[in-house]
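Single chain ahead, by itself, as structure tokens, in the form predicted alone.
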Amino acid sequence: MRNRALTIAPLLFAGCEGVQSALAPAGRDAERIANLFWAMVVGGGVVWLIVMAVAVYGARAKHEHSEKLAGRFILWGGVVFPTVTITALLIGGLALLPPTLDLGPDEPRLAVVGEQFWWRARYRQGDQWVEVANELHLPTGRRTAMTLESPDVIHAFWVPSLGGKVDTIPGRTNHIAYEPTRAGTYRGACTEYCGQAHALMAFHVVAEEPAAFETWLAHQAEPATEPTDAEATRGAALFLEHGCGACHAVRGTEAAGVIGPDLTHVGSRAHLGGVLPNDTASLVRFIREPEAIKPDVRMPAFTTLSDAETAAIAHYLEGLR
């Protein structure tokens, strides 16, 4: 039994760390939520100990108690104590709402749209909107407000390490704000079942210093870089020739699609589709068998392309940084 406990304990505590753990807060709101959780754990543990102590005492008691004492025990232990405890937890939980719902001093400059099965993010940069997919960047020490929408079904936007979660509901605009306190990359997910690829609807949030964030955003607003070698040039031509630009946009080129993710700077993202490492092999696989990666995704499989053509398109996309 002891050996089994020693084996299981590390697995349990491992869930308290990582890039998708609410118990490893890296945001102001996540810290408040984690503090409430630990307060409830401690409070629940104290209540459990009291109940177990009373149960053990009752099982071992050898003499009867007076009716008056029993009545007092029921009143204080069964009415007063639970009422006070639950009220205290309710007050503690409700006290988190005002700071958590605070959107900060600025108007939202980030709009997030949950789609089947990916996340579209639009940043306001000057007089234009800059679009990225499945990878958000947020400045540390600054509260960033977001609007949340959905064009298809209900999704739920949540980054456990940074804060709470909010549903994206068709026909409704919801709001949330995150304030990262520590630089790093944190994993988010959809937590509302939305279809076959629901479990693969992941995304990442890069929290970085404000200056680095502004530099990143300014770069994202620029048009795509021109191909620098023959294979990339051929890949760019094949990208347009086979209709990829009907769904995807690459600013600075003829590709102006709005159905799928904006690929203007896709090569600069750390992940592809939120679930794969962003490298040539993953790009080739996504082009040839998107359904195998995300079931029911709204992208056709380009199986008619030769290996050389697929590799050329992947090489072109990888160079869009």
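This one's a predicted model, so the numbers in the text were calculated from it and none came from an experiment. The first residue of the sequence shown is number 1, and the count goes up from there.
Separately, the form predicted in complex with ligand HEC exists; it is not shown, and the next lines address it.
Trainee: Exactly one of F213, W158, W118, Y123 has a non-hydrogen atom within 4.5 Å of ligand HEC in the model of the complex; which residue is it?
Mentor: Answer to the contact question: W118.
Trainee: Using heavy atoms only and a 4.5 Å cut-off, determine which of H198, R251, H204, H248 is in contact with ligand HEC in the model of the complex.
Mentor: Contact check passes for H248.
Trainee: With the partner left out here, if you bring back ligand HEC in the model of the complex, are F239, L283 and R298 all within 4.5 Å of it by some heavy atom?
Mentor: The answer is yes: all three residues contact the partner (heavy atom, 4.5 Å cut-off).
Trainee: I'd like to know whether C244 contacts ligand HEC in the model of the complex, with contact meaning heavy atoms within 4.5 angstroms.
Mentor: Output for C244 is yes: heavy atoms within 4.5 Å of ligand HEC.
Trainee: Looking at the partner-bound form in the model of the complex, is N134 within 4.5 Å of ligand HEC by any heavy atom?
Mentor: Answer yes; at least one heavy atom of N134 falls within 4.5 Å of ligand HEC in the model of the complex.
Trainee: Quick one: does L272 come within 4.5 Å of ligand HEC in the model of the complex, counting heavy atoms only?
Mentor: Taking the distances in the model of the complex, the answer for L272 is yes, it comes within 4.5 Å of ligand HEC.
Trainee: Does L263 reach ligand HEC in the model of the complex if we count a contact as any heavy atom within 4.5 Å?
Mentor: Yes.
Trainee: Which single stretch, out of 22 to 30, 36 to 44, 285 to 293, 61 to 69, brings residue heavy atoms within 4.5 Å of ligand HEC in the model of the complex?
Mentor: The contacting stretch is 285 to 293.
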